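First come two forms of one protein chain, each written alone as structure tokens, so that there is a structure 1 and a structure 2.
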Structure 1
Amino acid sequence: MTQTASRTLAERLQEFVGKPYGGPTVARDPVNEPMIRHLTDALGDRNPVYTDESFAKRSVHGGIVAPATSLQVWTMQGLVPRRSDGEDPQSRLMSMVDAEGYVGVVATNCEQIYHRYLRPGDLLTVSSEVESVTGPKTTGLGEGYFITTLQTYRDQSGEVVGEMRFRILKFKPSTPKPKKSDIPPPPRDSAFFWEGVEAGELRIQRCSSCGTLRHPPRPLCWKCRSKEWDFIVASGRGEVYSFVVHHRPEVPGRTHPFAVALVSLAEGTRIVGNVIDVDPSDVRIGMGVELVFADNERGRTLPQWRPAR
């Protein structure tokens, strides 16, 4: 037996602690005002120091700044990730735990420290190191390892402008046998929906005052604020409005990958559900689908979707 093979996974993972994990990676673009406006819209933050030049000049900042919580945004990779040769520390660590069956992943903690506000023109560079690896630990999700990394953000002059500690749990998904008795009763506001599922009906909530359909169910109409409602039974016809194909983390009891779609119903509202009886790579926006009731991996009957026949 080789020396490498004789060491435990926990021992091998400790070799990464205190060493570079990723980067340094330079942001694709400097901090800029158009993106700051998009961020404040997404955050719902109307502080004029982020968008109003005249107001910002009179503030303690002396000019426009970016929201402090946008620190991580400026160095994100975007929709097309940068390619890796698989030899970087992050890829090697992840491959090591995956090979031992710890294929599940969930973020558990994120702590950020801001040294100063970012200003338009700042070009950030981020580098990271493994701060700690703890485990194996028994958790509600299964046995796993907690991996904590420290990201350091610097500006174009090398000044540290912020830090982020990010912790994930890499775990072995447990596969308990599903029992319908383990499924909690539905909330009062959506009980009618689940009663419909048991009856083989897709019930959609409708405002009794203005007729607006809404899903998921809620106690108040978003349009006219009425609390009065009833429901209709949907026809079960629709088309794919948007979708994702889920690869990781693996869901116990599921075959991967699988497609999850936002379906536009013929009645005019939308609902989320799995698309089954079709290869996920064949799912397309605009594809006609029809309703089918099927049990999920936990044994609960759900409205799901298959290509229209």
Structure 2
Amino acid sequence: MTQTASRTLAERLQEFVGKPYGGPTVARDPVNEPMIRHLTDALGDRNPVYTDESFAKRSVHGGIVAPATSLQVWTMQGLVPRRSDGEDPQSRLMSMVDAEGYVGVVATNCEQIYHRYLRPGDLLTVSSEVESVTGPKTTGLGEGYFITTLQTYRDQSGEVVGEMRFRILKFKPSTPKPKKSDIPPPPRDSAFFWEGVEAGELRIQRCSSCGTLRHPPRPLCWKCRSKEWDFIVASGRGEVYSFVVHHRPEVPGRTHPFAVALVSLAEGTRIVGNVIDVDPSDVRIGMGVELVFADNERGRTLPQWRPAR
């Protein structure tokens, strides 16, 4: 990332400041006692004013209220987020920073102001605007931008019942080296393949009934449906059938960009693998490649490909 590009992004982000960010969005459900009970259970809050009608009646509230810190809960989208056309300000801002590699996100600050307590039956509407965008800044997590939004919550009569200032950090993840122990053991169907890799062989599954090769390993022949199979050891010669050059999102531990190809094996089936020992921009369809066993960023040996010598 050059200074110029950072400045340009910072400038572009300023265009969002002071403008609507999201909403107005009406809560899916009114404030209700079952969710209040779930919340107080989850928080371990045993104040009976949230759950005991007769106690709450005698309190200053005159009835059950929701915990103040539940302000932002009622307008959450739920497990299945609403579909977006990608053109709303939030989607545009997020894709703008994501595109520059600031793919990490963490909440850093939350300030809530309560105008009144929420009661069962209140139907909230939230609208938000971008208050400020600052950055790029160096943080413990990596370089990033702080995005502060101001949410205003209104009830069914339009009265403002609360406000929330929420700040997130969108950051470029620093790249921790994944541990070798993170690698899962191979499933039964592909154990022969990984044992081959350890032995320095590229083993390709072959149907014992019709002789058709297949990769990646799977239990059934796609051609004759036989479950019987053995394997051949590939010669390691092939050519690039298709490829991509990966720039973003950044993959922890890897150097970018890198090329990933679909390689046609001389024996007849295809396999996906990294193309290494070459400038990614020099990879071409039809290029001859040869097998090389090389460690990936996790220290795992993988069959990879380099230009044929």
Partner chain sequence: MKQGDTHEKVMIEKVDRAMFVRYAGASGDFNPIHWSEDFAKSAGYPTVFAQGMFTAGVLGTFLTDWVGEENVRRFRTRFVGQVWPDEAITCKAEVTSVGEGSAEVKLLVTNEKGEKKIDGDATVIL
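Numbers follow structure 1, counted from its first residue as 1. Keep in mind that what you see is a predicted model, and the values were worked out from it rather than measured. If you superpose the two forms and keep the largest set of C-alpha atoms that fall within 1.5 Å, you have the rigid core.
**Student:** Is structure 1 or structure 2 the form predicted on its own?
**Tutor:** It is the first structure that is the form predicted on its own.
**Student:** Quick check: Glu159 between structures 1 and 2 - does its CA shift reach 2 Å or more after fitting the rigid core?
**Tutor:** No.
**Student:** Is Met96 one of the residues whose C-alpha moves 2 Å or more between structures 1 and 2 after the core fit?
**Tutor:** Shift of 2 Å or more: no.
**Student:** Ala294: CA shift of at least 2 Å between structures 1 and 2 after core fit?
**Tutor:** Yes, the C-alpha moves 2 Å or more.
**Student:** Relative to the superposed core, what is the Cα shift for Val251 between structures 1 and 2, in Å?
**Tutor:** For Val251, the C-alpha ends up 7.4 Å from its position in the other form.
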